[in-house]
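Take a look at this single chain in structure tokens; it is the form predicted alone.
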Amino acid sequence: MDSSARQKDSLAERLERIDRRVVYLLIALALSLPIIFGWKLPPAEMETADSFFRVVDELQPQQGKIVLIASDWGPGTQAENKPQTMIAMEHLMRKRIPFALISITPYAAPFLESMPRDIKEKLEAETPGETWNYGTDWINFGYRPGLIIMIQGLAKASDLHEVLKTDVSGTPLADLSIMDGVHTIRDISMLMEFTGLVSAFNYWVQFFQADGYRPPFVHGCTSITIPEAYIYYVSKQIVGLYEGVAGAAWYETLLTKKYPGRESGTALKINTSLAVAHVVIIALMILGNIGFLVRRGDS
């Protein structure tokens, strides 16, 4: 075998057998650089997120009505569920629609405290002179144990003040103006539920309803649970759906169109980093197959 043939064979072998450390490094760079430098690619348009945005945008503030946000996720799925929750929460706060936070998983507790306060700081920096306040614009019920029993208790309650009693810090609900006039499930104008757990989503779908009333239900899921969630969207048991972080990225694009001066959140950045990582993976697969084909052609 002459030197040119040996060089060709060596190159083909290197393409076919790229060191895994190089692969890990390229993927790490592909994921981190878009977030570090704030690169943003236009997300794909998603009908499910369009529906989610439309039903939230059509909501109007009403005395004695709140939106209930069930954040049933923790650190394991925060890369998708946190941007989903925050972008929906921001939309509500911009529209001055009061909401309550609750969770059936204990891992969500720190996020229930930090997310609305982060959005409050962002909005107040963007719109000097306007303020958003705890107890008026949002309330945190915190983690509530009991799963199905707790959800049924909320749905069937004749007075939520008696069932929930206090917020997460122990303040009686009667002392918080946001709860004035809010007593039963009929005073909840919408349910938003975000999770990576199919079981948690199913609990709310099945049990958060009362005789003759079920609030409009929108949902944010992780990418791996999209097939299970989409069934409920097609059957109209939910009226809006975030399909993973891609759905949140499209929703964020719609929100920016409505409020042109807003500062972008993390959904678009995360979605961009995933897109770049996918391109890198595809490129590596192509290089590996080129090496394989070259070596097979020379054999």
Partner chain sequence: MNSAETALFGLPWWQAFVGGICTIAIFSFLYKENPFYRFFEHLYIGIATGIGVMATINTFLWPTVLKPMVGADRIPFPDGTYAEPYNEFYLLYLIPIAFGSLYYFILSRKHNWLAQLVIGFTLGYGGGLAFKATFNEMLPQLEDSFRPLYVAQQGAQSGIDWLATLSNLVFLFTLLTALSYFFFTFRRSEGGPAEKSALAGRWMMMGCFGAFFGATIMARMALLVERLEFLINKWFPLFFA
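Remember, it's a predicted structure, so these values are computed and weren't measured experimentally. Positions refer to the first chain, counted from 1. Rigid core (definition): largest C-alpha set, two forms, superposition within 1.5 Å.
Form predicted together with the partner chain: not shown, discussed below.
This chain lacks the partner; the member of 255, 241, 68, 274 within 4.5 angstroms of the partner chain in the predicted complex by a non-hydrogen atom is 274.
Contact with the partner chain, judged by heavy atoms within 4.5 Å in the predicted complex, is confined among 179 to 187, 203 to 211, 94 to 102, 120 to 128 to 203 to 211. Looking at residue 281, you'd find a heavy atom of it within 4.5 angstroms of the partner chain in the predicted complex. Contact annotation for residue 27: at least one heavy atom lies within 4.5 Å of the partner chain in the predicted complex. Taking the partner from the other structure, the partner chain in the predicted complex has no heavy atom within 4.5 Å of any heavy atom of residue 140. The partner chain in the predicted complex comes within 4.5 Å of no heavy atom belonging to residue 159. Residues 76, 77, 78, 79, 80 are the members of 65 to 90 with a non-hydrogen atom no more than 4.5 angstroms from the partner chain in the predicted complex. With the core held fixed between the shown form and the other one, residue 234 has its Cα displaced by under 2 Å. Core-superposed comparison between the shown form and the other one: the CA of residue 44 stays below a 2 Å shift. Inter-residue distance, residue 227 to residue 285 (Cα): reduced by at least 3 Å in the predicted complex versus the depicted form. Compared with the form shown, the residue 120-residue 36 C-alpha separation increases in the predicted complex, the change being 3 Å or greater.
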